[in-house]
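Quick heads-up: it's one chain on its own, the form predicted alone, in structure tokens.
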């Protein structure tokens, strides 16, 4: 029970990640009106948070390796509070963009550090479900943001309230992390054995503490802490880096965040009657996202990571083709009715595959000596891709049409499916130390199946 409490508090970083990325979808129609935003500036307003996220992710690995996971997450809580309040109080567009960039830095750090912290405190037989708590909280945060957007759609200064309410979970995260232990793996890597033992005592049964501590020590004997960044490009870290960066890019170029950010605009273009109705439809999609993430949490430690990736990508491909075909025939009428369930199904398939599995895998596959930096590079690739796709989506739709945009996403999803089938390993049921030994060739890899 005490371990579940630790994991639940740490996962609030995911809730903030979800809320602050999702809230812009409902705020954007009102920002567009108040600041007279054209297609290009809509992309800038939406992607401002992504610039900060890329910068935050870039430094998160090295900083967390230096100062520890817990201290940096505490700092993230303060950044969320400052960025949310600054965005809400913004008197001009430039100030709003700066506030959203600060929120983005916090999101970038949290996106990498929350699954890292969870993976390092979780027992191996429950790691998939525990780390995917982060993804559950992301989807829950997105749903909450949609419901807040709908509830405040008719309020005065609605977008200010939408953005400002992100300070509340930021405060809860900060206060909650004050009570949590540091990662025992990080402590052991720093030579602080007694502190690592004390952290394990807070999260494990008495009979589990010494065996796990011994496993950490064994892993560290194979692992020099002071290794250069170049170590990521050779030896046992090279394949994890290829897998992590490729999945990071595929998670974005297959279209998920453009759908989440621009869902109300997509529904309006399909023929729904008003902004508030389209926001409500988007909230329904957010609910599907949460439900399917719960399904993924139950399956990750049973079906395995690879199988969920492949099934999820297959479903995404089908739904993207359906959406492309629907928009090719125009809008209104049956297209509007078809769009909502098709978008919901697309998001649902993402929620059982690329959504949770990407963040889980990058927290598992890197060697301890470069885990923080490896995850940081993968996270930068993720947020950089997110930024580019989000920035170009409105002009792409304006130039080529929504149908073509969905068709491009479908083709890229096929590429992701092929890469997963050929390259991505299975990590289910292995400790982090066993995964590292497998990738180094110190132990024989167990066979896995799609």
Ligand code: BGC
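Numbering follows the first chain given and starts at 1. Every value quoted in this text rests on a predicted model; they were computed, and no experiment measured them.
The following text describes the form predicted together with this ligand, which does not appear among the structures shown.
- Contact with this ligand in the model of the complex, judged as any non-hydrogen atom within 4.5 angstroms, is confined among 247 to 255, 193 to 201, 295 to 303, 162 to 170 to 247 to 255.
- Within 4.5 Å of this ligand in the model of the complex, a heavy atom is found for all three of 135, 359 and 382.
- This chain appears without its partner; in the model of the complex, the one residue of 363, 376, 139, 114 with a heavy atom within 4.5 Å of this ligand is 139.
- Taking 42, 54, 64, 386 one by one, only a single residue has any non-hydrogen atom within 4.5 Å of this ligand in the model of the complex, and it is 386.
- Although the partner is absent here, residue 289 lies within 4.5 Å of this ligand in the model of the complex, judged by heavy atoms.
- None of the heavy atoms of residue 19 is located within 4.5 Å of this ligand in the model of the complex.
- Although the partner is absent here, residue 346 lies well away from this ligand in the model of the complex, with no heavy atom inside 4.5 Å.
- This ligand in the model of the complex is not approached by residue 77, whose heavy atoms all lie more than 4.5 angstroms from it.
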